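Before any questions on binding or motion, here is one chain by itself as structure tokens, the form predicted on its own.
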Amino acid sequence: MGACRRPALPSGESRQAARHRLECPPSPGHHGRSPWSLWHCLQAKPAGRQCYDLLVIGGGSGGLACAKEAAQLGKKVAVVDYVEPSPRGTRWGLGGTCVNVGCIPKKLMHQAALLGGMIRDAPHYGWGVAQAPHSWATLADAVQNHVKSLNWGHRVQLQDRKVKYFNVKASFVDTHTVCGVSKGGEETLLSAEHIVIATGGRPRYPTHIEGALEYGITSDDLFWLKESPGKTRLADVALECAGLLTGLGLDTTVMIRSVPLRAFDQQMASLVTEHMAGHGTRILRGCAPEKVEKLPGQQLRVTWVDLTSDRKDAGTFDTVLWAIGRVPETASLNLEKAGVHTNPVTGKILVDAQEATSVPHIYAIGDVAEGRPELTPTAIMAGRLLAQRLSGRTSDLMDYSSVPTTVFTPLEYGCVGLSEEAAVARHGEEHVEVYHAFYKPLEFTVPQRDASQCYIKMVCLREPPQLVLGLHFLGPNAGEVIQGFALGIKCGASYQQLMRTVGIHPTCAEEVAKLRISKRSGLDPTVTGC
């Protein structure tokens, strides 16, 4: 594939003169001169360069939200998106990580695993349900068909909003121009007043481990496998994937080098892993893989070392899945051509509160931006607010505090606000009060399910009215529970206000409104009775 070059200027004409001679078309619906019409596209010929008010690089959730919002507000918008196949060769359509290889397929497979547990519960409730083996092929086909319908839906939405879509790989030519190269090598020059980088990230491979790249897969591949992954080893954490694979009846091992769910409350993280270990997932702590070899029977032999004892061990698996973090998709963007600065350690793009990079008219949102939560809803809201600011409709900035999220492990963990550790670090232990409870979901009682890790804690300031700093919930439907309380916490709810909130009975969520025992009291926090 060729590289885009600056088009030649007519003889004797300066670049500045050419900028004033050649003008980009105004946005549809704009009257008079917009600020963008004062900046002129440099074209080799009339059709040589396409000009826009806003160019979005990346067709994931954040980029699409920004593009559609801007178009709806009257801007002339284009989106460029290109998916590099994974090392295994997996590729997908428009929509980014969440739609194709993240939230959506993961939640559907998580639901499949939960259904397996419900089938086991069913006889206790009087249903004569026969236990049957799970069909990975049936599930995968259904999940992939749904994902493809979402890909198509995104294309239709862009078309309906008159957003031009280019399936090309973009790289900067200068501060206002990118070169897009199609799969077939065809080049397209695109210029815009404002450019938004929303390229997200991809899973990291431990290339220092022999055989890791040749024989391992990542979450980019798991949800597109046509056949069951079989006996699976996951490293470094990948608790969500491990939980759903275990729930589907597969022999699953997780290797944890240091701590699980590092960015979350560590008491909650410990309870999550305890539950998984007690329900069929083998967890190897303090271990690191050293080598992956392919055996004659197509199975994989993994050698690892115990970091405490330095003792080596090995095991045979059908699939090895790496989950050692993600890297931002910036390597091919030629950011240096535009003067966009990145963090030299993480590779992520440095941004300010306006989402602006070191180049004022170039922005970055979502996972590719330094210091931003790697969460789809935050990227979507940040993209919409950015589009509104660029259109002069608001000056509101994205508020990244108290963002709710859920880890879809077999026993779901939802949270919003500060962890206990973060609250203590920020305010001091003497100024923090933690209310907590171990509870048993009513639906666990009849089948006599283990509820020893079902736990809630509310982290508050100690001084009245005891502002809620964080809420952590481990149990069924954690995301549904936390979403509602997130609004209250975002609005500055206090412990006193929550204790005056009437719960819905009988639900797990009502236990939040019944938290009376503090850790400082030393009393048993186990809920008894209804």
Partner chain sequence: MKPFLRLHRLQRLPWSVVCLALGTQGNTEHHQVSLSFRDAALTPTTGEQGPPTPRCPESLSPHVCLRIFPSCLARSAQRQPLRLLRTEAQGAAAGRVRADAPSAAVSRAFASSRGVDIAGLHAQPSTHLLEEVKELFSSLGVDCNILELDQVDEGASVQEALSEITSQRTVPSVFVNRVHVGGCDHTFQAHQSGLLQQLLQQDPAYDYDLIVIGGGSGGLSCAQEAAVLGRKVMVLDFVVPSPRGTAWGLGGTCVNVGCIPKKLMHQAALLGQALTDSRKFGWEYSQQVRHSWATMTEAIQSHIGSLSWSHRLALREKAVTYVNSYGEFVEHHKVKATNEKGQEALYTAAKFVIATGERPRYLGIPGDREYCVTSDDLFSLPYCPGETLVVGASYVALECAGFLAGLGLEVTVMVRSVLLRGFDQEMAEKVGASMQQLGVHFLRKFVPVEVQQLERGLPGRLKVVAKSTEGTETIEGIYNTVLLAIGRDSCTKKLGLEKIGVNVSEKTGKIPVNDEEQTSVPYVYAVGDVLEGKPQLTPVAVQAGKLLARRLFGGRSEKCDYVNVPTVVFTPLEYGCCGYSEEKAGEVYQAENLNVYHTLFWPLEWTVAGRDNNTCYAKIICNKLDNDRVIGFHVLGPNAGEITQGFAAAMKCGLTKQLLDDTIGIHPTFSWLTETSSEPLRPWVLTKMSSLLREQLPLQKTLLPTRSIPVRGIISDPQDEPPSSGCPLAGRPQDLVAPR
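Numbering follows the first chain given and starts at 1. Bear in mind that the values here come from a model prediction, so they are computed numbers and not experimental data.
One more form of this protein exists, namely the form predicted together with its partner chain; it is left out here, but the text below deals with it.
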| query | finding |
| --- | --- |
| Within 4.5 Å of its partner chain in the model of the complex, all of Thr378, Gly479 and Ala493 (non-hydrogen atom) | yes |
| Candidate stretches 267-275, 164-172, 397-405, 296-304 - the one whose heavy atoms come within 4.5 Å of its partner chain in the model of the complex | 397-405 |
| Pro260: touches its partner chain in the model of the complex, heavy atom cutoff 4.5 angstroms | no |
| Residue contact check: Phe485 to its partner chain in the model of the complex, 4.5 Å heavy atom | yes |
| Leu498: touches its partner chain in the model of the complex, heavy atom cutoff 4.5 angstroms | yes |
| Interface membership of Asp352, its partner chain in the model of the complex, 4.5 Å heavy atom rule | no |
| Partner-contacting position among Leu213, Leu108, Ala451, Ala288 - heavy atom within 4.5 Å of its partner chain in the model of the complex | Leu108 |
| Residue among Ala314, Ala142, Ala331, Ala425 with a heavy atom within 4.5 Å of its partner chain in the model of the complex | Ala142 |
| Stretch 419-450 - residues with a heavy atom within 4.5 Å of its partner chain in the model of the complex | Leu442, Glu443, Thr445, Val446 |
